[in-house]
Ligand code: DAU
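Only one chain comes next, encoded as structure tokens, the form predicted on its own.
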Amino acid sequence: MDNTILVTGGAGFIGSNFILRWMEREVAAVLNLDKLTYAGNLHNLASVAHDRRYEFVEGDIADRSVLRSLFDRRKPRSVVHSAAESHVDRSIRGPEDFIRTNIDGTFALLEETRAYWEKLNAKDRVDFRFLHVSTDEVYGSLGPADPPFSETTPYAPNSPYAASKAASDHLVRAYKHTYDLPTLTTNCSNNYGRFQFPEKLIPLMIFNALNGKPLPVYGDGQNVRDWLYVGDHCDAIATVLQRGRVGQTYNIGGWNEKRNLEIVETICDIVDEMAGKLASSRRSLITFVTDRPGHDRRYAMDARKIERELGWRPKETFDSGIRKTVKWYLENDEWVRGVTSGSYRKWIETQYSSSVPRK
């Protein structure tokens, strides 16, 4: 077994941030397997592309022959599984890709990991880890006064995306219980930060605010999410990989419950400050549109287990994290223009043009 970790989905938002963080702080080499769908971007990893400890392979986690060859050639000591289709709106319009990647792909990865792990010597089997990166959406929706999601909250997914991630979580758990594969699962709250594809709320609002475009807010804008800065999330993943108890699940949250409308208003104010106002405050661009089907009302994460057992806590407040994020998008216009291609514009037009404006 070599001193290498295999990261799936490493060209995506969380995956690329994790790889950059890992390469800065750790010794183990990184093998990055990514299919390079619309959300995968190798430009995110340009700073490590020529590092001898880094290797990129374009491939699908559902392709077992590709997985088998990588395990045979590189003999990784750990797998960090972050490859996933992850956008709720896209899962509503086209759930099949989510079933294929999140369920079938995770199954293929687990099977090939198990076949590889079972051939290792006794010590290497003990040292090996399979870390599965998941989401708070598997838990469903909370009422205003409900306690936050904990690791023992029953699953109640409400979108095709959430259901596909819940299924993958269950597969990972089953492989630990049935085959004793040394797995770990993390369920995180909404991430934000650099490299996030601008279909998600925060980068979409930054992009539109900069360009004086309408800021579409679903429903009444009162849906609540817990927000986690991606750098903090990557630190948590590394902490769980290195010190987490095998077979355990760890919730990762930022202790930042915010209403969607509050998020958008904050972004408007920061963009006004950093980029200069338009004719009026960018808050005037806020446009309420018809809510998406099955929109969960509130997510909140109880992250006390990872704090208590592993000593991890988020370093960024929402105020510090969102300012860093807006500043990054302002300073990286070339990256933004590179990802907001014709296909991106077509998606945004399709997604929001069918919504009935409410303001």
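Quick caveat: nothing in here was measured; it's all calculated off a predicted structure. Note that residue numbering begins at 1 and tracks the sequence as displayed.
The form predicted in complex with this ligand exists for this protein as well; it is not shown, and the discussion that follows is about that form.
A single residue from the set 257, 151, 232, 199 has any heavy atom within 4.5 angstroms of this ligand in the predicted bound form; that residue is 199.
Checking 117, 71, 218, 107 for any heavy atom within 4.5 Å of this ligand in the predicted bound form turns up a single hit: 218. Among heavy atoms of residue 305, none comes within 4.5 Å of this ligand in the predicted bound form. Taking the partner from the other structure, this ligand in the predicted bound form has no heavy atom within 4.5 Å of any heavy atom of residue 64.
Contact annotation for residue 190: at least one heavy atom lies within 4.5 Å of this ligand in the predicted bound form. Although the partner is absent here, residue 327 sits far enough away that none of its heavy atoms falls within 4.5 Å of this ligand in the predicted bound form. Stretch-level contact check against this ligand in the predicted bound form with heavy atoms at 4.5 Å: of 120 to 128, 220 to 228, 265 to 273, 238 to 246, the positive one is 220 to 228. For the stretch 291 to 309, the set of residues having any non-hydrogen atom within 4.5 angstroms of this ligand in the predicted bound form comprises 292, 295, 299, in sequence order.
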